[in-house]
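So this first bit is one chain, no partners, the form predicted on its own, shown in structure tokens.
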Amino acid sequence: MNKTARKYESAALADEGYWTSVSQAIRQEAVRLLEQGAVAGVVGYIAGRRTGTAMPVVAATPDQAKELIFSPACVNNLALYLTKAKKEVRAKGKLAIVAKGCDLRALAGLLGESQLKREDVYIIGIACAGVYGAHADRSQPLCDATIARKCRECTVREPTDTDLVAGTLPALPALEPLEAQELARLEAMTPQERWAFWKEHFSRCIRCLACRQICPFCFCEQCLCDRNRPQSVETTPRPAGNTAWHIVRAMHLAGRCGGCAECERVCPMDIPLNLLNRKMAKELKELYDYEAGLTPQEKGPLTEYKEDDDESFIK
């Protein structure tokens, strides 16, 4: 073993026993559910074709369920498969789903928006130690150098309101809150500096719409921003249209976003989309003492009027 390998091994946040026990718990429950006919499929993860990767799957048989895993490579928010692929996947019948903390926040939001019914979903919650970051070296274990930025300050590692909890969370050290630091730097800027900051990032957008396609909350069958008669947002990757697209999307997700950061992970131009979403979430917390996705709630602060709502922003 070389020195580099020893360094990563000593810094690992969770040992192999943790990942094995979580995977075994998922497989055992998935096999039981399918053998008893309690669900038509289990939305989970299997090992990817490349070493150190995982990919989503809908296991429909006990044999397929025996291949389910949970590892640091299980980065995808599986709640997506209950919205984007709802016609194909949910047509199978009642489903079970493997859900990390950030995925559970998305499920809570979808339940609150009547996109799901709780009785139609069996939730296998994960006591989650974290997952790999977008540019992590996946040949190394989960550690300070490889963990996703969002996982450094996660507050929903221990699942609640689930049908089963898979695994026991290991003791985790406090990690440097990089996202909070980045948000603090943004807020320290002048309005002109913030405008220049976002203008530069949005100018790189190629309008591939990967951020929309990966988001569980972008479940509209036709997006307003795709309409051209009348056209609400310019569809070509030009500055004005790009800025309008990202502002419209941020406002649409305000009070809804569960913080999974999948939009930022899949962005080919490395636009810090989760930073924008976190800023919106912080504003809602300060103005309305509201956090999205903690419990199913039919209406958020931006979709419900109350006489005592803060109106200081009106000038």
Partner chain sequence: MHTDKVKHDFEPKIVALVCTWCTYAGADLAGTSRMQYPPNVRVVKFPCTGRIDPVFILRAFQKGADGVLVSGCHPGDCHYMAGNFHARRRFAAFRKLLEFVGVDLSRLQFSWVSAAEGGKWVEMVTELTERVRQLGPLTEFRELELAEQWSGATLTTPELKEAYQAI
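Positions refer to the first chain, counted from 1. Note that the structure is a prediction, hence the values are computed from the model and not measured.
What follows is about the form predicted in complex with the partner chain, which we do not show.
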*51-59, 256-264, 284-292, 26-34: which one contacts the partner chain in the predicted bound form at 4.5 Å, heavy atom to heavy atom?*
284-292
*asked:* My question is simply whether residue 173 lines the interface with the partner chain in the predicted bound form - judged by any non-hydrogen atom within 4.5 Å.
replied: no
*If you check in the predicted bound form, is residue 250 within 4.5 Å of the partner chain, heavy atoms only?*
yes
*asked:* At 4.5 Å between heavy atoms, is residue 95 in contact with the partner chain in the predicted bound form?
replied: no
*asked:* When the contact criterion is heavy atoms within 4.5 Å, does residue 20 count as touching the partner chain in the predicted bound form?
replied: no
_If the cut-off is 4.5 angstroms on heavy atoms, which of these, 183, 111, 211, 78, is the one near the partner chain in the predicted bound form?_
183
*What is the one choice in 118, 199, 204, 157 with a heavy atom within 4.5 Å of the partner chain in the predicted bound form?*
199
*Would you say all of 67, 140 and 145 touch the partner chain in the predicted bound form, counting a heavy atom within 4.5 Å as a touch?*
no
